[in-house]
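So this first bit is one chain, no partners, the form predicted alone, shown in structure tokens.
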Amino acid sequence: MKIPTSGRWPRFALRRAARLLVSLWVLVTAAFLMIHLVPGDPVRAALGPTAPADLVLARKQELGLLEPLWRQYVTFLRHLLNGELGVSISSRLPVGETIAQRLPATAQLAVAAFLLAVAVAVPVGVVMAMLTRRGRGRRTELAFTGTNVVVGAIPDFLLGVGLVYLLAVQTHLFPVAGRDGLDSYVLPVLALAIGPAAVLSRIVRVEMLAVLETDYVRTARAKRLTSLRVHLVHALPNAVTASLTLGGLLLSSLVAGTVLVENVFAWPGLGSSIVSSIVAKDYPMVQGTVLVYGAGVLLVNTLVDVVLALLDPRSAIGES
């Protein structure tokens, strides 16, 4: 793979880096303001209405909430740059320590669901493109499109509930909840992967149909290459490249989708942690988790932009 060396490449890198930094700043500022925009007294809400006033005051002093807002913001940024995310109001443990313990479980779930979605969507999209090319297989196309729309519209947590009922409660094939062994990954990964696989397969099919009508594919056919070689060597790489942007967005959505799915399956990740923190009004924990989720999504999107620029410099870098 040849990396572009023209003057457009440094401009592209600077543009993407600046966009990432601005997005991170907006994310950090929104996370900071979260605790101040919540109606009422967040510390009182977290400690309960019967907590003594001196305890509430001491906790506010500990969190620095009695200082001017601008000073709180500067302190928040300084601690963030040092890798400090604060202390949980509920557990009194460092937020960073809790996130470090739970992040691997969430990452494993999201990455496994993404790989499964891609592994299913790409071959299904290619096969459907071959079957429905140039108006052939009209009924097959309608059935495929209709099924995709229906499946893609179902929220992942509802899919999770249905999978639990069918494959855990009724048939006892997989555990209902928890993270204990490889079989415990099956249902939550399926719940996360089914919707994105449906959406991505439809996009792969559309891109594959467009690629199959290009001149270089016609030239490959004219050379009497085998159908397998034409589709896998000449058509598929270009179709997959065009679908890469959506794939990156799907990975970002999978990371965010783990919040509800983890609660359905009692998965010990960040998703279940943020929900319990919201219920307990543990705002430092909510802030830290939101920052991790948001930063992960921004980094994935930036990585996808860079990969697209390396694969197709003319279209991606040309935007800069």
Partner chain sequence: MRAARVLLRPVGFAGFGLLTLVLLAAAFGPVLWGGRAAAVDTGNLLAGPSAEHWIGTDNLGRDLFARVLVAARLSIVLAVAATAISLVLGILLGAAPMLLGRRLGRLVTSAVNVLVAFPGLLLVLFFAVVFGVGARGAALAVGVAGAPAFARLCHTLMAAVSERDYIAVARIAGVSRIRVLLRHVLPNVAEPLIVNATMAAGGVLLTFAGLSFLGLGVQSPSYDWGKLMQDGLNGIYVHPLAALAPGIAVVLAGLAFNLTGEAFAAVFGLGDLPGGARSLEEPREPVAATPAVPGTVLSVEGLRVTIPGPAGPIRAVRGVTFALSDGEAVGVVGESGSGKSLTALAVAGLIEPPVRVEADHLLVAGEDLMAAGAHRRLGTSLAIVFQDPMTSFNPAHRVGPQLAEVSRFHQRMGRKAALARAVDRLRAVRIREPERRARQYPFEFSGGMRQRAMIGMGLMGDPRLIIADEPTTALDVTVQRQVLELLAEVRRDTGAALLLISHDVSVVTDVCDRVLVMYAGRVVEELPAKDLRTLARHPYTRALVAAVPDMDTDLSRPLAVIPGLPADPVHVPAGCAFAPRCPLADDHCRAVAPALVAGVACHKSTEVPV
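As the structure is a prediction and not an experimental result, all values here were calculated from the model. Basically, rigid core = biggest C-alpha set you can superpose within 1.5 Å across the two forms. Numbering follows the first chain given and starts at 1.
Another form exists, predicted together with the partner chain; not displayed. Remarks below refer to it.
The stretch in contact with the partner chain in the model of the complex, judged by heavy atoms within 4.5 Å, is 229-237, chosen from 73-81, 92-100, 118-126, 229-237. Taking the partner from the other structure, the partner chain in the model of the complex has a heavy atom within 4.5 Å of a heavy atom of G135.
For P39, a non-hydrogen atom is located within 4.5 Å of the partner chain in the model of the complex, even though that partner is not displayed. The partner chain is not drawn, but in the model of the complex it has no heavy atom within 4.5 Å of I203. Contact check for A143: every heavy atom lies farther than 4.5 Å from the partner chain in the model of the complex. The candidate site formed by R11, A53 and L57 is entirely out of contact with the partner chain in the model of the complex, as no residue has a non-hydrogen atom within 4.5 angstroms of it. Counting a residue when any of its non-hydrogen atoms is within 4.5 Å of the partner chain in the model of the complex, the hits in 147-161 run V149, V150, A153, I154, P155, F157, L158, V161.
Once both forms are fitted on their rigid core, the CA atom of A235 lies 2 Å or more apart between the shown form and the other one. Once both forms are fitted on their rigid core, the CA atom of A220 lies 2 Å or more apart between the shown form and the other one.
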